[in-house]
Ligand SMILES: Nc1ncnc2c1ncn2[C@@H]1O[C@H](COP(=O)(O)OP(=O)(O)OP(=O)(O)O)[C@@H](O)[C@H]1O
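Given next, in structure tokens, is a single chain: the form predicted on its own.
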Amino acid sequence: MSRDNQIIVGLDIGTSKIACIVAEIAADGRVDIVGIGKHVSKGLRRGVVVNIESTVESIRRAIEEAELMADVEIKKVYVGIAGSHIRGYNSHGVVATKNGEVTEEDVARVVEAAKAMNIPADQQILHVLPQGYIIDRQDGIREPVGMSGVRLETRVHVVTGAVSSAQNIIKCCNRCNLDVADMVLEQIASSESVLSQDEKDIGVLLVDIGGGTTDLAVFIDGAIRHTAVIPVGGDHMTNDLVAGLRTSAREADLLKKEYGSCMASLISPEETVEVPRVGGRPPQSMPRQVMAQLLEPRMQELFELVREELERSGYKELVAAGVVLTGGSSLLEGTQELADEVFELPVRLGNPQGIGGLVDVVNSPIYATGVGLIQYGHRYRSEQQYGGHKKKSDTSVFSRFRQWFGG
């Protein structure tokens, strides 16, 4: 096998940053990180491309940096998709088995039946994720192939996204001479790298705090039950600092990352920070608590919106494993403590797991989506290589994207 066939690349095209992570698959199946590239994202707003030229340039810079570190030429990438245009639905399908025994064809048919639902013309299905199967009213079945029965049912979670948003992301990648191997919902990608199987089985809420949006996913009994997007993220906190400190967006973002806290009670009143001013004015010394008093209400608002969404989903009492926070803004001091207060559930920070190689470089919630895209790609390629009904039931979005472009 050539080295090219052993390389998998995850491209996280976010509102605040573009992260390209390169992994090499070892002979024993281990995923080793061998390169990483990161560049400031210009051209996206709330996860959606609004300027193709700027986005292409940001992607190209991140790709070049990753290629240099990994010493490979990147040709194909797994790309994350997010934004307020994402919708999630639960659906149900029923078919009769053909020979009294469930076959892979029966599973494919019942999933097709479940995804036969009315969606807006400007939306397209991204994922169809089976939650479990029922054979002759016996539920709780995860692997139905080979079992006896005449009636097969499934419950699925269907994720849709705006056709135009997906097309624009693909255009940007193609302009950088990249093929899109698959496009993956970002919270699904993040879940691959930061959630354990035990957490997914017991019940867990993943909260991925991005720059423009916050993405949610609820897992129960090993399957995804609910997804949602909250249109509040780290950029909103930066804007609050811009207005409150009267500084530039760039300086506000740097101050947020270095000195930011979303719990004023954790900070000594004596602590101060130097705040650069605009228009050539001299820097101003300011209590660090002032920054926290600007950030805390926004983070609290975000967590309360997440809690309301969880309650609306009907799964609040079932997430026994608690909440896992990931994404860049989850690194703010006091985030876990504030989340503990709002959710009244166990809370932990989600760092990428199950990888080798440059672990120390990507051991941060910032890279949860990028590493997750690699792990998703590795699992998907393995399922294609070894066969099985999974590749039919979790439908690949790539073939549909080719149809959208008439390819």
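When you see a residue number, it is the position in the sequence shown, counting from 1. For clarity, every value in this text was computed on a predicted model and none was experimentally measured.
Not pictured, yet referred to below: the form predicted in complex with the ligand.
Engineer: Quick one: does I209 come within 4.5 Å of the ligand in the model of the complex, counting heavy atoms only?
Structural biologist: Yes, I209 lies within 4.5 Å of the ligand in the model of the complex.
Engineer: Is the gap between R288 and the ligand in the model of the complex 4.5 Å or less for some heavy atom pair?
Structural biologist: So R288 does not count as contacting the ligand.
Engineer: Hey, in the model of the complex, does G234 get a heavy atom within 4.5 angstroms of the ligand?
Structural biologist: Flag for G234 set to yes.
Engineer: Under a 4.5 Å heavy atom criterion, is I366 part of the interface with the ligand in the model of the complex?
Structural biologist: Heavy-atom contact with the ligand at 4.5 Å: present for I366.
Engineer: Would you kindly say which of L331, A264, V150, L318 lies with a heavy atom within 4.5 Å of the ligand in the model of the complex?
Structural biologist: Going through each option in turn, the one that passes is L331.
Engineer: So which of G47, G372, G350, G37 gets a non-hydrogen atom within 4.5 Å of the ligand in the model of the complex?
Structural biologist: Contact check passes for G47.
Engineer: Could you tell me which of 250-258, 68-76, 172-180, 272-280 sits within 4.5 Å of the ligand in the model of the complex, going by non-hydrogen atoms?
Structural biologist: Among the listed stretches, the partner-contacting one is 250-258.
Engineer: Within 4.5 Å of the ligand in the model of the complex, do we find a heavy atom from each of D12, K17 and T213?
Structural biologist: The answer is yes; D12, K17 and T213 each reach the ligand.
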